[in-house]
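Only one chain is shown below, in structure tokens, and it's the form predicted on its own.
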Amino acid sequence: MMKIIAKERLPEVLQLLAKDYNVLVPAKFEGVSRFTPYSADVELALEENVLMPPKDIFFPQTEKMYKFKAKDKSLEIEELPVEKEEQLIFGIRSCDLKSLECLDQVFLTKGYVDHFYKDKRDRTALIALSCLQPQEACFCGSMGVDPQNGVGADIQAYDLKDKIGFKAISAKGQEILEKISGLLAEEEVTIPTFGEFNLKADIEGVPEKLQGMFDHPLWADICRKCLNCGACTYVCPTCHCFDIDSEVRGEDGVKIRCWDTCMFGEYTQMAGGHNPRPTKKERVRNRFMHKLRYFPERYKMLLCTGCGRCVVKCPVNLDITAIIKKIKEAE
């Protein structure tokens, strides 16, 4: 038995939850599909995953860290008010849940906790939504992700075509279901069979093989058509490069963290002028080495979740699944 509601009544569920949470839903906003605050006039986008991942909910593209005042020889630092509103993400897919697991490793482990990230994670509930059919560029199954069962969600919601089914995973999820129980019915359901992936990647042995491929001629071949535009990193749910800068007016200033990308030459430019990644080859190599070797070595997990966004948005069709195949075949 599963708690269910007709898909056409889903707005009633979201409206009820919006009384206690800042509810974020997948929707088209200014022509781009992304997670946006729910309101009655928001048109839900549930047929396929959003283009912009939920990464920026926890790790914003631009984020003020603290204010400071410099006067004479003294420096005063003022912490910014902490947002306390509980939030809930509805409709997060399994590949993006996996991406949060990756970001958790970066921002919450190895002896350092990033409180900007942790604060948002701690006050966010997650309702995953199963997928019915893979999009053309999806390959999450190859990365060990189950598109119908998200790991780390508080509630797993199932797309039952004309209905939505809900299954509590955590105690927090059970509390949420109790809040909306008056709108739900119980029904015996069959979860629809998931379709076949168009893209696949055989990742077995790739991290280990890459240990001996730092100077392989493969990278010079792969990088030729890359534009170093950085589009892949901005739509990627796991890329987390950032820069820290200051905005100063007179004695007052604010420290700001913003996304950056290893695809840009300036990212590794040193103060003395030296750049350890001076050309496209080094930058492209670093991107795929990080995804497929360095991150697995450090955190025992891949830094690619198979969401396919980079494949979709790359203007020159640099396909990571094709690169994995070339790595497997390289001698």
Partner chain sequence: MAVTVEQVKEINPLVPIKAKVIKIVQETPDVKTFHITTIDDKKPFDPLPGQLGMLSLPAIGEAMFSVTNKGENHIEMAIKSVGQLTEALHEIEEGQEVGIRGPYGNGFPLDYFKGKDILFIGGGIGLAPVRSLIMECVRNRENYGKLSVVYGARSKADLCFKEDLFENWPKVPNMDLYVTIDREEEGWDGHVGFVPAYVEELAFQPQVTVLCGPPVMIKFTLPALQKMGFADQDIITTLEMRMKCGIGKCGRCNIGSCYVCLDGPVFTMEQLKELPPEY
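Numbering follows the first chain given and starts at 1. Superpose the two forms; the largest set of C-alphas matching within 1.5 Å is the rigid core. Predicted model, so just to flag it, every value in this text is computed and none were measured.
Beyond the structure shown, there is the form predicted together with its partner chain, which is absent from this document and is the topic of what follows.
S.K.: Heavy atom within 4.5 Å of its partner chain in the predicted complex: which of 182, 81, 212, 111?
M.R.: The residue from 182, 81, 212, 111 that makes the contact is 111.
S.K.: Consider the chain as shown here, without its partner, and state which of 151, 244, 229, 191 has a heavy atom within 4.5 Å of its partner chain in the predicted complex.
M.R.: Only one option qualifies, and that one is 244.
S.K.: Is it the case that residue 161, even though its partner is missing from this view, gets within 4.5 Å of its partner chain in the predicted complex, heavy atoms only?
M.R.: Heavy-atom contact with its partner chain at 4.5 Å: absent for residue 161.
S.K.: Even though its partner chain is not shown here, does residue 257 get within 4.5 Å of it in the predicted complex, heavy atoms only?
M.R.: Residue 257 belongs to the contact set for its partner chain.
S.K.: According to a 4.5 angstroms non-hydrogen atom cut-off, is residue 76 in contact with its partner chain in the predicted complex?
M.R.: Answer yes; at least one heavy atom of residue 76 falls within 4.5 Å of its partner chain in the predicted complex.
S.K.: In the predicted complex, is there a heavy atom of its partner chain that lies within 4.5 Å of any heavy atom of residue 266, even though the partner is absent here?
M.R.: Yes.
S.K.: Among 191-199, 85-93, 115-123, 219-227, which stretch sits within 4.5 Å of its partner chain in the predicted complex, heavy atoms only?
M.R.: This holds for exactly one stretch, 115-123.
S.K.: Decide if the three candidate residues 270, 286 and 290 all line its partner chain in the predicted complex, where lining means a heavy atom within 4.5 Å.
M.R.: Answer is yes for this spot.
S.K.: Does residue 250 shift between the shown form and the other one by 2 angstroms or more at the C-alpha, the core having been superposed?
M.R.: After core superposition, the displacement of the residue 250 C-alpha between the shown form and the other one reaches the 2 Å mark, so yes.
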